[in-house]
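Only one chain comes next, encoded as structure tokens, the form predicted alone.
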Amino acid sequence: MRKLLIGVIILTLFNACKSTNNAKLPILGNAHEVTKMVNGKSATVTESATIPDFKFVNQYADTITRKSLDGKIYVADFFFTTCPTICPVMHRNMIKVYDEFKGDDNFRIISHTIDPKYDTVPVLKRYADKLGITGNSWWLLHGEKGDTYKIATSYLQSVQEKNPNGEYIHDGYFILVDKQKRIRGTYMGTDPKEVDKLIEDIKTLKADPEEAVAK
């Protein structure tokens, strides 16, 4: 009886692990209908929302576009270097994600500054150095204010130039994006448990057969 019980427990744990590995993350955002040719015929199909084209500059003064992330799973967020509240907490937590995946060339982190006037490329480089960021695993992106604020909406994020107290405001989420540029999850960047879940969801997404063949 004892052996049978142990066997049932082992089988249950195995099936639980198998179920987790086969888990599918949701696709977030508003799907839309498009008309295209399917098998030689015009058809209306539903497509998931994706992150649109963009053009920014990273802390190394390299141009980063949507194409720069082709074939990569990535996490995005919005911040500014002089933020006195949530940004330092968010990026201390993001370091855990960075350390976990910095050796994986098919993964990136991109952080958009919402204060491009102050956060110039040299300022972003000093900020990266202070965090201990090296290489190309984590890009801090500078761009025109309008372009940054516009793309924030594609990431389902809210940013404001200044509130009535003269302060910048932005959501504190980390956004997980797959190789097809679809949002697969959002995680509160100030919550360590949410960041741990993000790390596990990245692993789940990496194990998704659909992601394995995506370019």
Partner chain sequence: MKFKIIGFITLVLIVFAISCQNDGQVEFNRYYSGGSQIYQSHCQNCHGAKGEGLQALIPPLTDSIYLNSNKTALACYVKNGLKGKITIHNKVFDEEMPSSDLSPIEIAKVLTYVTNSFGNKMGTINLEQVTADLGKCK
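Residue numbers count along the first chain shown, from 1. Keep in mind that this is a model prediction, so the values were computed, not measured.
Below, we refer to the form predicted together with the partner chain, which is not included among the displayed structures.
**Student:** Is it the case that Arg92, Ile95 and Leu131 all touch the partner chain in the predicted complex, with a non-hydrogen atom of each within 4.5 angstroms?
**Tutor:** The answer is yes; Arg92, Ile95 and Leu131 each reach the partner chain.
**Student:** Given that the partner chain is left out here, which of Pro122, Gly103, Pro84, Gly135 has a heavy atom within 4.5 Å of it in the predicted complex?
**Tutor:** It is Pro84.
**Student:** Using a 4.5 Å heavy atom cut-off, which stretch among 139 to 147, 122 to 130, 68 to 76, 108 to 116 contacts the partner chain in the predicted complex?
**Tutor:** The contacting stretch is 122 to 130.
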